[in-house]
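Next up is one chain by itself, shown in structure tokens, the form predicted on its own.
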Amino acid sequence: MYRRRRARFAYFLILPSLIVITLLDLYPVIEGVFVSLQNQNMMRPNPEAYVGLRHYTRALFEDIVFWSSVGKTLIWTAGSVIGGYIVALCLALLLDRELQGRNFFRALFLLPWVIPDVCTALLWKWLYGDEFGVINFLLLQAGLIETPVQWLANPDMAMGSVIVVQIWKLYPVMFVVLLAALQNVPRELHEAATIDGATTRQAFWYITLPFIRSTSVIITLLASIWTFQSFDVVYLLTGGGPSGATRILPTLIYEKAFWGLEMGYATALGLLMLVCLLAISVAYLFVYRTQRGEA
């Protein structure tokens, strides 16, 4: 009885915050649905005219750029999250042992996460610079290239270049979470596996990975959501160019809303992006639970 009263009192205390957060989350979505059903084109008369599902049918069945942006967004998200996870896991495995200066390297690896996105974009623009960029300078000095590489101006190189920046920005938080998960793996299991003759790869595959699987699913899902809707890095580095090579959904929505002044269409694209995020999240968790049930 006493525990129930404490639980009710706790719910009562968090209820005001829960109501405020719910309103802040739901109201923009509901308002966005209404805007997406209106013309809301500032270049045409009667912007509040009701157009129904016209914006959605235009995006799904008429706008080739939309589907191209969806494909680029999936490539951008998958490349960034997979790359960030691999880098974070390698660093976490490296520091999951007694090393001199381990705390220093922990703090050092967190720096990319705390640097503002604007500073990150300016830093990497300088690194990617064709004439005075550090990367081209080092490659030229090493004799690996003969002429400077147009990292951000070449349509074939731009997407990979911005993915590298997002990996650099994304891995610190994944590193912290994975390192915490690795430190919870029982050392006795590794010792027993070593006594039984298991190799390092076998111990990692059959002991370490199963223990950090849940953490990996959660952090990669969160990283996928963050990256899928990320706007700052791509827009500040390339603006969606060159020739639309990095035009992901957030940059497309920005173009339609603030350059094309098509607020209704841009809102519809935003809601479609929300549906994509929900679908990816549900499918991701379904696959994880299915595999967990089979195991």
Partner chain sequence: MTATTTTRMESVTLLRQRYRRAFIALLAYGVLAVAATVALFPVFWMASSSLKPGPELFARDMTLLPVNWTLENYRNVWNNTNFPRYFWNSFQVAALSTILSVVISMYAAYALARIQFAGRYAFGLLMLVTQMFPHILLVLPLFLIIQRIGLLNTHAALIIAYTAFSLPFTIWLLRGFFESIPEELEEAAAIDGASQLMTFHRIILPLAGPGLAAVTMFGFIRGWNEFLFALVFLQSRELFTLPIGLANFQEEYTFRWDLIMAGAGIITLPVLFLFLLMQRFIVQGLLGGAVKG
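C-alpha atoms forming the largest set that superposes within 1.5 Å between two forms make up the rigid core. Positions refer to the first chain, counted from 1. A quick note: this is a predicted structure, and the numbers were derived from the prediction, not measured.
Omitted from view is the form predicted together with the partner chain, to which the following refers.
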{"item": "Three-residue site A78, Y85 and E188 fully in contact with the partner chain in the predicted complex at 4.5 Å by heavy atom", "value": "no"}
{"item": "The partner chain contact at Q100 in the predicted complex, heavy atom, 4.5 Å", "value": "yes"}
{"item": "Partner proximity in the predicted complex: L53 to the partner chain, non-hydrogen atom cutoff 4.5 Å", "value": "no"}
{"item": "Any non-hydrogen atom of L37 within 4.5 angstroms of the partner chain in the predicted complex", "value": "no"}
{"item": "The partner chain contact at I212 in the predicted complex, heavy atom, 4.5 Å", "value": "no"}
{"item": "Position in contact with the partner chain when the complex is considered in the predicted complex, options V177, M159, A203, A223, heavy atoms within 4.5 Å", "value": "V177"}
{"item": "Residues within stretch 223-246 having a non-hydrogen atom within 4.5 Å of the partner chain in the predicted complex", "value": "I225, Q229, F231, D232, Y235, L236"}
{"item": "Yes/no, V275 Cα shift of 2 Å or more between this form and the one not shown with rigid core fixed", "value": "no"}
